[in-house]
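A single chain comes next, written as C-alpha cells; it is the form predicted on its own.
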Amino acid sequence: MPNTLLISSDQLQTLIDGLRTQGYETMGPRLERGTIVYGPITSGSDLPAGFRDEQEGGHYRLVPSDPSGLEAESFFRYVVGPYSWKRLLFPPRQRLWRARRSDGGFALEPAETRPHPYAFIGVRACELAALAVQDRVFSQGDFADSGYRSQREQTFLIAVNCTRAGGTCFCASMHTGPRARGGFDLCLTELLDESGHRFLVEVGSEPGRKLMEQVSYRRARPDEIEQGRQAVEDAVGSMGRQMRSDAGDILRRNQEHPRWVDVANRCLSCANCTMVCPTCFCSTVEDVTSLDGAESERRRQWDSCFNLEFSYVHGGPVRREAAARYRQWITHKLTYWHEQFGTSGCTGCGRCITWCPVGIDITAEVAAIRDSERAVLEGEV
C-alpha cells in the first residue's frame, strides 16, 4: 500500500462504518451548545460541517462559513473546543469501588475495568502530543494505571492535520503541530477546491492499513501531496501565538518575579485552564457514604493545583496565594515537566487562553517576564 492515499469525502462514512463493524464506538467532534465537543458519531453528517471557530483570550465563538464558498462543505475547518480526548481515557469522575452492607457484613464491588473500544475521529496533532504525555503518566513506569492502559490499547486514532490555526494556537512553536508526525492509525488532510472534496490519508499502523482495505482509494499524485503540505504550512503561518523556546529557563530563573503577583490580581483561581488542558492529570479521591450507612463508595475525580485545598497538608495549604498557585502550574508545565517526563507539559493547543474568563495568556506571561529581565540587564530599569 502506498504511503499517501487519496479518498473522496464520502469514503469518510465508509471508514466510520468499518470501525463500527469492528466493534468500536466512534467518537468525534460534535456541535453542542455553541461549542465543539467530543461525543458519539455514526455518520459524517454528525460532524459540524461548515463551521469555523473564532478564538482569542477569554473568547470563543463558532460561526457558520460563507454558504456560497467552498469552506461551507469542510468537515474540519474548526480547531479545538473545551473538550479534550483525555476525558474518555481518564474520566472526570470515576468510581474506584463500592461497598454494600448485607447481613454478613460488607460486599465489595470493584470498579468496572473492562475497556470500551473507542475510535477517536478528528484528533489534532497537539492532541496526539497530549495523549503521549498522558500515556507517560498513566501507562509507563512502575505505577501504571491498569484501567487507563487497557482502555488506551483498545483505542483507534484517526488524526486530522490542521489546515487552519485558531487565534490562540501556538503548537508550531511547541513542535507539536499542526502536522501530525506519528501516534495515529490513520491521518487525514482535508482538501477542498474546484476539483472536489477529498482527503489525503497517511497510514500509521497495521490496524489502519487493514481498515483502508475496506475503502476505495487511489495513490495521491505529487501535486495533491504538495497541496496538502501547503495547506498545513498555511496553518503554521496563521498561528495566533508563539511560545519562547527558552520558556523553561526563563521561569526557572524568576521564581520570585513580581509578575506572579500581577497575574494573581487578574486570576480568578477558577481552574478553567486545568480543566480544559489536555495534559493535566491531577486528581483527588473522596469517600461518600449513604445517610443510612448501607452503602459507601470511593471516587476519583479531577482536581486542580489552582484549588486552595490541593496543596493542603497538616496545618494548612502550602500554596495559599493565587500567585504561588499560578507559578506552580506554569513552571510545572514548561520547566519541571521536562525533568519528569522528558517533554513539555504544554502542547500549544491554546485552550487555557481561550477558556480563561479574564484572558490570561501563558505565552504573554513568559514574554513579559523575559522582557522585564532583559530591561534590567540592559539597565533600562
Partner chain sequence: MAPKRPKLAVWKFSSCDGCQLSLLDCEDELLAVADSVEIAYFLEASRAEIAGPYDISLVEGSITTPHEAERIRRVRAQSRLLITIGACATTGGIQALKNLRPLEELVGSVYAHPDYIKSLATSTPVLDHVRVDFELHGCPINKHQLLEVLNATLNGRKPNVPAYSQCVECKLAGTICVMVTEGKPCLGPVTQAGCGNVCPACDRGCFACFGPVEAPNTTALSVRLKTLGMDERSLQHYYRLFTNNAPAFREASKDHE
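Positions refer to the first chain, counted from 1. Remember, predicted model here, so these are calculated numbers, not experimental data. We call the rigid core whatever largest set of C-alpha positions still superposes within 1.5 Å between the two forms.
If you look for the form predicted together with the partner chain, you will not find it shown, but the lines that follow are about it.
The candidate spot formed by D17, P207 and S238 is out of contact with the partner chain in the predicted bound form: none of the three has a heavy atom within 4.5 Å. Only one segment in the set 300 to 308, 158 to 166, 116 to 124, 193 to 201 has residues whose heavy atoms sit within 4.5 Å of the partner chain in the predicted bound form; it is 300 to 308.
Using a 4.5 Å cutoff between non-hydrogen atoms, P92 counts as a contact of the partner chain in the predicted bound form. Although the partner is absent here, T35 sits close enough that one of its heavy atoms falls within 4.5 Å of the partner chain in the predicted bound form. Taking the partner from the other structure, the partner chain in the predicted bound form has a heavy atom within 4.5 Å of a heavy atom of C270.
The closest non-hydrogen atom of F51 lies beyond 4.5 Å of the partner chain in the predicted bound form.
Checked against the partner chain in the predicted bound form, the residues Q255, Q230, S102, N265 give one hit for a heavy atom within 4.5 Å, which is N265.
Only one of M212, M243, V276, L251 comes within 4.5 Å of the partner chain in the predicted bound form through a heavy atom, and that residue is V276. With a cut-off of 2 Å and the rigid core superposed, A132 has a Cα displacement that falls short of the cut-off between this form and the one not shown. Relative to the superposed core, S290 undergoes a C-alpha shift of no less than 2 Å between this form and the one not shown.
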